[in-house]
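Structure 1 and structure 2 below are the same protein chain in two forms, each given by itself as structure tokens.
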Structure 1
């Protein structure tokens, strides 16, 4: 793998807490002295954060699809009526 990708692999281990303590210290020292690396790692941290919400959005869509299914499918008529009755 090219160097920049190895850096990303290393930063991932650091961010996920998978580096040995001494390796983490070395990495943190590099972060202190290297502003570009600092910026890269901060942005990589955001990637995981964005992914988490991407995942949530996906789950929500799946749940909504199930909702649509249940409320539009004739097989679930009784269930639908039972729910609607609660709001009458």
Structure 2
């Protein structure tokens, strides 16, 4: 069990580019020789991609809500005009 936790932690550092170069080389060698580790790292990479996509989608929705609030609310018309002037 402990080995798999260490592998997960190493995989995370590897995928995020936080391993020292010599440690990254050793980890890459392990990936070449261990198909289970290679599959687990690929799965972990996919999870990171899904999380990144989800976060972007959520952030975009929040930005759109702020945009709608600022540009459609009469209380913010002065601010809206200032922003429009910046882009003219």
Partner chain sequence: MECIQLKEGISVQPEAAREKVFEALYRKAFPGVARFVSKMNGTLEDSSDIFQDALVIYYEKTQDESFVLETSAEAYILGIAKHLWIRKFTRDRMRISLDITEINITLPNDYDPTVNINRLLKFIEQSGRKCMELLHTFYYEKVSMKEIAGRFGFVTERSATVQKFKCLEKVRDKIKEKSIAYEDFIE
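As the structure is a computational prediction, the values presented were derived from the model and not from experiment. If you superpose the two forms and keep the largest set of C-alpha atoms that fall within 1.5 Å, you have the rigid core. Positions refer to the first chain, counted from 1.
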| property | result |
| --- | --- |
| Form selected (criterion: the form predicted together with the partner chain) | 1 |
| Rigid-body rotation between structures 1 and 2 - hinge position, chosen from 58, 28, 36, 21 | 58 |
| Rigid-body rotation of the smaller part between structures 1 and 2, in degrees | 49 |
| Shift in Å of the residue 72 Cα between structures 1 and 2 [rigid core superposition] | 9.3 |
| Value in Å for the CA shift of residue 62 between structures 1 and 2, taken after the core is superposed | 2.8 |
